[in-house]
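First, one chain by itself in structure tokens, the form predicted on its own.
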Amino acid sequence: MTLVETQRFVPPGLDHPAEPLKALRFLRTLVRNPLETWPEALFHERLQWLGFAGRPLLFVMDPAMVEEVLVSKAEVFPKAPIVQRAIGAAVGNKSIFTAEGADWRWQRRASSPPFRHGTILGFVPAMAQAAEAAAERLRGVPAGETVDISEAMMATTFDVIVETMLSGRGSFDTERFGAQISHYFETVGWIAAITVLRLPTWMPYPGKRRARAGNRFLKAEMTRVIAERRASPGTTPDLLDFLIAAADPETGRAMTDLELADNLLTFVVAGHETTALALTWALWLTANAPEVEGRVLEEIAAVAGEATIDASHVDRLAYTKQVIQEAMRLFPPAPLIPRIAAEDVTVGGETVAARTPVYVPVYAIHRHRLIWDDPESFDPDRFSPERSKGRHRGAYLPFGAGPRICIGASFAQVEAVVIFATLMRALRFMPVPGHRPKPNTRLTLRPDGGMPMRVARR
């Protein structure tokens, strides 16, 4: 083992039970942090059958089996009911994320053009502007004080969404918008427990009333924005204009205002949340790995110098992108992909009966001992072209896979590179001694209690 290998940073992990948890402890843990219910076997077995209340469910970790579930047999494995109950309540059931079958297919076809790489590169100036504004805000933090980097990144990526989707014309109360999203996410553990117990949707639980009020506010904001845009179209098209003008190339069908509202809310919530979390974890990991930090700074200086990060720099910031990819491996923004078997089916030689929940535990796959060398360590070089060659596509799933892969994946990756490079060049990020951030899944993988760090000018 080389000296470099012995110095790789290993972030603190979670304690996973050696055996599946008993019912009462399972439910208590599920409400607190669903990740902590996952048994240790998920990190070294190819599949794992579990059961609760007499109902079997299957966790699939083997990359070839993952590919069957998400790619080759995707039609047999629609999204599980928990997606509708947990996410549909937040963003609506008419969006590209929650729709199924023909409703999903035509929306996907109609929505794809604005997410092509060339179009996304046209949004880089807005991304860079938001990153520069964030750097300026962080420069104002008094020396020695801590700042919650997760909140700072949420604000930054929200600025990007407002500029790229709404040309800065959304007039959003950013703080209230973010707070309402967080209030809803805090209730997800309860929603998961109620779904597992197969209890009716009207069941009360802590925070439900506040979350419902927040959802009404978010949807009302989307409806208002769409009405304003229809009344006063912009001169330069943004992503909302693209969605309004979008039509299914096969049928000519356009989105209704309800479908537009659900999709806009989906892109706003998912688009800013997931990228912000990738940036949060990347900044913290890099702050704990001086050699990685040095290589990032050298690359930025060689590619961009002191110039504002622009579209011509993005593809050349290769190592910077690897850092973000590795952060999303260790802390995938979406740590679980829930599916359900629509019919009796065989996966990897395993017989799966109709209506069986089938889970793809992304967090466990990304740390799986049979898939990755030294899986717990922070090593951006594992995404170099040489080491990535031949890697099974079912081994790395930060944006899912197959026909339901995240439509905004390219947008998120470009955005993350632009913001990360801009912030790293401007500021030094320092971990708070003794702070051990704990990943907690609330639909997305957030650091429990935020990510306090110190910042200083370069």
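The first residue of the shown sequence is 1; numbering continues from there. Keep in mind that this is a model prediction, so the values were computed, not measured.
Separately, the form predicted together with protoporphyrin IX containing FE (HEM) exists; it is not shown, and the next lines address it.
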item	value
Contact test, all of 9, 283 and 377, partner protoporphyrin IX containing FE (HEM) in the predicted bound form, heavy atom 4.5 Å	no
One residue of 82, 76, 71, 334 in contact with protoporphyrin IX containing FE (HEM), assessed in the predicted bound form (non-hydrogen atom, 4.5 angstroms)	334
Contacting member of 97, 158, 363, 177, with respect to protoporphyrin IX containing FE (HEM) in the predicted bound form [4.5 Å, heavy atom]	97
In the predicted bound form, residue 432 touching protoporphyrin IX containing FE (HEM) (heavy atom, 4.5 Å)	no
Any non-hydrogen atom of residue 34 within 4.5 angstroms of protoporphyrin IX containing FE (HEM) in the predicted bound form	no
Close approach of residue 150 to protoporphyrin IX containing FE (HEM) in the predicted bound form, 4.5 Å, heavy atom	no
4.5 angstroms heavy atom contact with protoporphyrin IX containing FE (HEM) in the predicted bound form for residue 400	yes
One stretch from 240-248, 363-371, 336-344, 182-190 that, in the predicted bound form, holds residues within 4.5 Å of protoporphyrin IX containing FE (HEM) by heavy atom	336-344
Interface residues of 264-280 toward protoporphyrin IX containing FE (HEM), as seen in the predicted bound form [heavy atoms, 4.5 Å]	266, 267, 270, 271, 274, 275, 278
